[in-house]
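This document opens with one chain alone, in structure tokens, the form predicted on its own.
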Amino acid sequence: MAYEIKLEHRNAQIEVLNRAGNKVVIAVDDRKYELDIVMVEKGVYSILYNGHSYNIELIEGETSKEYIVNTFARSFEAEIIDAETKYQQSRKLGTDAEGDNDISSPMPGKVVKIPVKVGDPVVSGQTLIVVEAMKMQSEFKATADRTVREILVSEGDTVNAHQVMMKLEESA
């Protein structure tokens, strides 16, 4: 099982490679760690690594994917970045950043509607494509005035994460 975890200003790829009781082998950004982990009370863990003992406290944040991590020496924030989180972030941030004229899906889904065609001028806020993912429909909107240069998918198509669905160009 693999996870992407945001630790303060860094994203780490964490994968559980093997688990047998308290013994866990994980990879953090391709570096393997053999750990002995015991939950000593709810949210508090004792971790043995290379003969050293570490105590970690996890306090759930505003959502079940956000945590405050307390160690003996310091505290920091951690967030689990899964497909749903990426999807929600893309909805908040928009998909057409300044200078980027590609409209991509942040996660796999199905194209439900394309209300524009090649050559159409579009204005900021106009819906360009609707994708359904995880039983939710997401409208991808223009964030600036543009022209539809190319549509790479059709209604009913299944798209992969990060697949470019539409290309725009600056309006003349």
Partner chain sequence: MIRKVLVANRGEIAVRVMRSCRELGLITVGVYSEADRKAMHIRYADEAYLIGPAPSRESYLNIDNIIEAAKKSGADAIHPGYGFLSENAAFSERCKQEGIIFIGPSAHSISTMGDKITARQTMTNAGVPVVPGTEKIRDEQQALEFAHQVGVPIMIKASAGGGGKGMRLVKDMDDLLPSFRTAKSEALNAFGDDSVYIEKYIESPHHIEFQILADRHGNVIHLFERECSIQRRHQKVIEETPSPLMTPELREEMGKFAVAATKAVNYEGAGTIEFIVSDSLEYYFLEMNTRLQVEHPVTERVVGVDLVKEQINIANGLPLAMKQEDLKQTGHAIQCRIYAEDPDHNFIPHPGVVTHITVPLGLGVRYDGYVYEGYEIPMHYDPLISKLISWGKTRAESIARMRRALYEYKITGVKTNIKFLEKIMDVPDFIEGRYNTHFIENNSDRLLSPKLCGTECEDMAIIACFIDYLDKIEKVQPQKFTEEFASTWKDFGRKRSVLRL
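Residue numbers count along the first chain shown, from 1. Everything quoted here is computed from the prediction, not taken from an experiment.
Separately, the form predicted in complex with the partner chain exists; it is not shown, and the next lines address it.
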* Interface membership of residue 149, the partner chain in the predicted bound form, 4.5 Å heavy atom rule -> no
* Please check if residue 153 has a heavy atom lying within 4.5 Å of any heavy atom of the partner chain in the predicted bound form. => no
* Asked: Could you tell me if residue 110 has a non-hydrogen atom within 4.5 Å of the partner chain in the predicted bound form?
  -> yes
* Asked: Taking heavy atoms and a 4.5 Å cut-off, does residue 141 contact the partner chain in the predicted bound form?
  -> no
* To do: Taking only heavy atoms into account, state which residues of 47 to 78 are within 4.5 Å of the partner chain in the predicted bound form, ordered by sequence.
  => 47, 48, 49, 50, 51, 52, 53, 54, 55, 56, 57, 58, 59, 60, 62, 63, 64, 65, 67, 69, 70, 71, 72, 73, 74, 76, 78
* Given a CA distance change of at least 3 Å, are residue 106 and residue 63 closer or farther in the predicted bound form? -> closer
* Any idea whether residue 107 and residue 61 get closer or farther by CA distance in the predicted bound form, knowing it moves 3 angstroms or more? -> closer
